[in-house]
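Take a look at this one chain, the form predicted on its own, written out in structure tokens.
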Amino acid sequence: MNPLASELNEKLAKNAPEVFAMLSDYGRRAYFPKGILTQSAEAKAKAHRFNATIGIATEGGGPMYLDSIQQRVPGLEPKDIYPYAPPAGRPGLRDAWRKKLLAENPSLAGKTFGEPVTTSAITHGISVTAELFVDPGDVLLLPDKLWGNYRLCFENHFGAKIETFPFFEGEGFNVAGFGEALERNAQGRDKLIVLLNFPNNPTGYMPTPAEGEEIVKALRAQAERGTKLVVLTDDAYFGLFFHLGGDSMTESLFGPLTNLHPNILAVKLDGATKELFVWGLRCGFLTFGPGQSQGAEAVCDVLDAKVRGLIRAGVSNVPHLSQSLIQFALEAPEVDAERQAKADILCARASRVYEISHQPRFKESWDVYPFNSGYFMLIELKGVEAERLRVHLLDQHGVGLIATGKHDLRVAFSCLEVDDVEPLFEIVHQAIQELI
């Protein structure tokens, strides 16, 4: 093992042996090298005469660039576009995202947690997290209504075993089933990885405040039984809370889980992708919330160094242009109002979908799973399988929807205009009746 990795492991084991025990074999071997990047950073700070370290071309005291590219981004300085960004991201962007987390998650006040590390959106953050914590055969627990890419990443790529429990009980989140699944899957294991995606894809559900408290209580109870829990909160759709059918939580579970118990490590995965409506810029964040405040800064320093090493070994760094655009947007005084205006549009669409999909005339064709947030809603079909209906809708009616289970059909209201909602559900109803 590289001495730098050993040094990080010793520091982590000293300050939080529980977190050290959560690391995968690769996670224990991960480190950030004192190589070209470190030497270049030192030179940037001290080389006041000549700096011939980093592998970019310069001209006139700045990065070399082509006018045919620069003229398409006239509002940015070349220094904010062309040079390599640091592996963990632009310092200003990391600071801006941390301030955003504190402002939007009041339960983080007074707690010790890490500086957000910039990733190439959430999928990359998930992959880096899996590198750090997942060994083949490790169990990942999550609800049965899930984003299919979790299986591709955790199961196919990293060899984990996904275990699920029924998402809903009645009209809400299956809190009791979650607690039972936690205890059942922890038996015979020292470590369990839990993934909670709220607002959820594909259901569009965000727990109520009471359900959120019960989720945290169940995790704490399992930690007190001695299980080491790596709890991932995939907050991709954070902020899009529409409170349909009642109030939902309005902050991430990452807040109440941070500094909750030494056997819990909270890992927040989020990003600008949906929160700032910049899907193609591929910029996300990974933030660690250690289970206790004592030693938390040292824990975060070690995990930050390991993640920087993993990013360096994988994609090197996240595109600088994306980071600059997002940082400057976050610093703009009008950004909150702009985000709210877009969220209001989505809320109007979601509200119309809620109204139409629950109408009695469609009761013979489907039941509606609870939804209140995000981009999606899910219907449970009656008398026809989802894949058969999906193909029929596409071939015979020119309508595209997603089959997510044997009888589950997902509707992305995020890309429907309000006036399109009723005609869409009428066509779905008609198509179901044509097939049964």
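Each residue number is its position in the shown sequence, starting from 1. As the structure is a prediction and not an experimental result, all values here were calculated from the model.
Heads up, the form predicted together with a further copy of the same chain isn't pictured, but that's what we're talking about next.
Query - Non-hydrogen atom within 4.5 Å of a further copy of the same chain in the predicted bound form for each of V73, A403 and A412 - result: Answer is yes for this spot.
Requested in this report: Look up in the predicted bound form whether P423 has a non-hydrogen atom within 4.5 angstroms of a further copy of the same chain, and give yes or no.
Outcome: Contact with a further copy of the same chain, yes.
Query raised in the report: Looking in the predicted bound form, any heavy atom of L325 within 4.5 Å of a further copy of the same chain?
Result: Contact check for L325: yes, within 4.5 Å of a further copy of the same chain in the predicted bound form.
**Report entry** Contact label in the predicted bound form: P33 to a further copy of the same chain, heavy atom within 4.5 Å
**Finding:** Output for P33 is yes: heavy atoms within 4.5 Å of a further copy of the same chain.
Query raised in the report: Taking heavy atoms and a 4.5 Å cut-off, does G280 contact a further copy of the same chain in the predicted bound form?
Result: Result yes; G280 sits at the interface with a further copy of the same chain in the predicted bound form.
Report task. Name the residue from E211, E251, E131, D304 that puts a heavy atom within 4.5 Å of a further copy of the same chain in the predicted bound form. Result -> Residue within 4.5 Å of the partner: E131.
Report task. Within 4.5 Å of a further copy of the same chain in the predicted bound form, counting heavy atoms only, one of 169 to 177, 144 to 152, 290 to 298, 254 to 262 shows up; tell me which. Result -> In the other structure, the partner sits against 144 to 152.
Report task. Go through 325 to 344 residue by residue and record those having a heavy atom within 4.5 Å of a further copy of the same chain in the predicted bound form; state none if no residue qualifies. Result -> Heavy-atom contacts within 4.5 Å come from L325, F328, A329, A332, E334, V335, E338, R339, K342.
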